[in-house]
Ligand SMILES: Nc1ncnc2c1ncn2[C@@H]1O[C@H](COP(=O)(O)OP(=O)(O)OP(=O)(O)O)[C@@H](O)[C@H]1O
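Here you get one chain, nothing else, as structure tokens; it is the form predicted on its own.
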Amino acid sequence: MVNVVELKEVSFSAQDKNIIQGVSVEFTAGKTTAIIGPSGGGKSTVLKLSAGLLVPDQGEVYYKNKNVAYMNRTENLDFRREGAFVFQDSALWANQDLFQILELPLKIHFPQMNRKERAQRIKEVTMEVGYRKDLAIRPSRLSMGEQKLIAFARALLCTPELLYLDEWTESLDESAAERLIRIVRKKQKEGVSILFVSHDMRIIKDLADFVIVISDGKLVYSTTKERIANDSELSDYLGMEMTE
């Protein structure tokens, strides 16, 4: 199997605290991996390191066998276009309206598109995630759930090959969460690689091909969906790890 992302002995610290310590993990192309573990254990940090959003203090991050740290400008731009991140807090710019927020990735990665084409693409993705309200407003006027929908729509805009999803169903009602789950299932069928952080065992069992457990900044366990689904003792262990 081919790896889309690989971390080799990666460590990361912040404010004199070791967050990640010597994590080595491979993420298989075209498959879905759930990153789980107790709160504050480092799982979101591993996701951000994998996406190149954080720079490790030690170790190396590879995307399609290329060291992210040594990519040239063109390679880095491809890396950013081919991957898309949904942040736990949505991370929408407060000083721009929703249309501007969604338009920017298209301007960067598809400069040949005109405004009409960008507007059409934005309409497509917002309809897909179920957002039906005005785009000429700022994020502060949205609920947390609506902000998550816009963040998810932003991630879909450039038709990424790799999705990074951090607690992506949090703050959503059941129907909105199910809509995003259906989108993820569709992306799986299209061969998109997906790395996601979640505490919802139902979603993990439903969507993940592989599961890794991050606790105290270390990789402590890795397994497959089949083993979680068939091993009640392991499932209980993972559930406890996630709720500590």
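Position 1 is the first residue in the sequence shown; the rest follow in order. Keep in mind the model is a prediction, meaning the values are calculated, not measured.
One more form of this protein exists, namely the form predicted together with the named molecule; it is left out here, but the text below deals with it.
38 is the sole member of 59, 38, 52, 30 with a non-hydrogen atom lying within 4.5 angstroms of the named molecule in the model of the complex. In summary, among the residues 64, 179, 199, 218, the only one with a non-hydrogen atom within 4.5 Å of the named molecule in the model of the complex is 199.
The candidate site formed by 42, 88 and 167 is fully in contact with the named molecule in the model of the complex, as each residue has a non-hydrogen atom within 4.5 angstroms of it. Contact annotation: the named molecule lies within 4.5 Å of heavy atoms from the stretch 42-50 in the model of the complex, the single such stretch among 42-50, 171-179, 201-209, 66-74. Contact check for residue 25: every heavy atom lies farther than 4.5 Å from the named molecule in the model of the complex. Residues 14, 15, 17, 19 are the members of 1-20 with a non-hydrogen atom no more than 4.5 angstroms from the named molecule in the model of the complex.
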